[in-house]
Ligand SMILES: Nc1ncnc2c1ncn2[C@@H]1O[C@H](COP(=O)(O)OP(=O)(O)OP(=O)(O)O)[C@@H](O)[C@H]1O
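The chain below stands alone and is given as structure tokens, in the form predicted alone.
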Amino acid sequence: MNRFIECVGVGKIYPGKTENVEALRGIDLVCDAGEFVCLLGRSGCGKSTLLQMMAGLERPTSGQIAVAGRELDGPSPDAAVVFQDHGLFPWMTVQKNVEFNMKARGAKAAERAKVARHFLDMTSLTGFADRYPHELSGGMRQRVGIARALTTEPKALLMDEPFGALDAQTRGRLQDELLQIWEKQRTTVLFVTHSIDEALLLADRILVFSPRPGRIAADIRVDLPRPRASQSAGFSALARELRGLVGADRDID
């Protein structure tokens, strides 16, 4: 496998009014091209901070982050980010929202429309191109956000709890759809979650974060065949191991 994202000694300290807050300390990790990696841990352990630094949206206080062999000094052209808040423009149709990143990069109208239609089809949004965000369900709005991220053909998809605000049924459906897209595209995915079951359903590897300052407490490989059944013995055994690592009796929502 080829190393695609690499963090060496990464730390992050935020200045405070009375004292500084150390969010992350000594993060060393390698993510290979095409891997699906989940960052798992309790709220406030620095998972989202690390994801934003890997996207180039924040700078580390210490250490280095490289994407595709280049040290980051700003937003990475090789990565796209999907947040829990999908960030759609309410005055734009679904089609225009999905085309937005391509338009910003100078793509011509005909090409934008063609690519947008392709990813709308891929994310089960066929027939909704002329709708506005307020006319869609939460799950559909999140699909639009994923489609928009995919239009620039990113080599890495960085996802910050994208399904956290959805009901269980919609969340499960989008998890399945995300895996189908990943299996087709083989984009490198880093996915932040605080759900043990979600991490086990999705990931090749799970990086377990300790409480603040966030550190990688464990790197667990998930050698279970897909699609995965949460009732299987292997799934249950890994879930028990992860609960022990994060100190939770159940999912840590």
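The term rigid core refers to the maximal set of C-alpha atoms that superpose within 1.5 Å between the two forms. Throughout, we count residues from 1 along the sequence that is shown. Everything numeric here is computed off the predicted structure, so don't read it as measured data.
Keep in mind that the form predicted in complex with this ligand is not shown, yet the notes after this line are about it.
None of the heavy atoms of Pro60 is located within 4.5 Å of this ligand in the model of the complex. Taking the partner from the other structure, this ligand in the model of the complex has no heavy atom within 4.5 Å of any heavy atom of Gln64. In the model of the complex, this ligand sits within 4.5 Å of a heavy atom of Ala23. Contact between Cys45 and this ligand in the model of the complex is found at the 4.5 Å heavy atom cutoff. Of the candidate stretches 64-72, 222-230, 35-43, 182-190, only 35-43 contains residues with a heavy atom within 4.5 Å of this ligand in the model of the complex. Just one of Thr93, Gln175, Gln84, Ser124 comes within 4.5 Å of this ligand in the model of the complex, counting any heavy atom, and that one is Gln84.
Shown here without this ligand, the chain has only Glu161 in 144-171 lying with a heavy atom within 4.5 Å of that partner in the model of the complex. Taking 2 Å as the criterion, Gln84 counts as shifted between this form and the one not shown: its C-alpha moves by at least this amount when the rigid core is aligned.
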